[in-house]
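A single chain comes next, written as structure tokens; it is the form predicted on its own.
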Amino acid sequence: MHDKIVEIIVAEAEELNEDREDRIPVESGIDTPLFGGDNAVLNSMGLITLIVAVEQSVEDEFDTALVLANEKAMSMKNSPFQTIGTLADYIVSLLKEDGNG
């Protein structure tokens, strides 16, 4: 499941790259920086755009609706939006909580 989630995030990031000058370096795989931290490539609007696209793709793939930017995510010590890997881990944990993991 984790690999499929990574594929979804990478695909959505690649689609987002079509409209960006500062491209998301998806070739780095799970270590690709997204938001927060020194190497982050997304601003708040870019992150929101990516999150909405990923939520929709996850819903299509797993037939369950998730809200990624929720209170739980915002209160975590380490943001789940830092890299593709941390975002994938977070999505897997949410799917398991919903009984889809």
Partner chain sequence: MDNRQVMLITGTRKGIGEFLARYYVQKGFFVIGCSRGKAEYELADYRHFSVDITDGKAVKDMFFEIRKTHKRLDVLINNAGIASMNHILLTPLKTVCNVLNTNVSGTFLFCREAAKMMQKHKFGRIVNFSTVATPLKLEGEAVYAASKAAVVSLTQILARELAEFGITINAVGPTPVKTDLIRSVPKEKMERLLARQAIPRFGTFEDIANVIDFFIKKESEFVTGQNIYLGGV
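For clarity, every value in this text was computed on a predicted model and none was experimentally measured. Residue numbers count along the first chain shown, from 1.
Separately, the form predicted together with the partner chain exists; it is not shown, and the next lines address it.
The partner chain is not shown here, but in the predicted complex it comes within 4.5 Å of a heavy atom of residue 64.
Remark: residue 27 does not count among the residues lining the partner chain in the predicted complex, judged by a heavy atom distance of 4.5 Å or less. Remark: residue 45 counts among the residues lining the partner chain in the predicted complex, judged by a heavy atom distance of 4.5 Å or less. The partner chain is not drawn, but in the predicted complex it has no heavy atom within 4.5 Å of residue 39. Residues 45, 48, 49, 52, 55, 56, 59, 60 are the ones in 25-60 with at least one heavy atom within 4.5 Å of the partner chain in the predicted complex, listed in sequence order.
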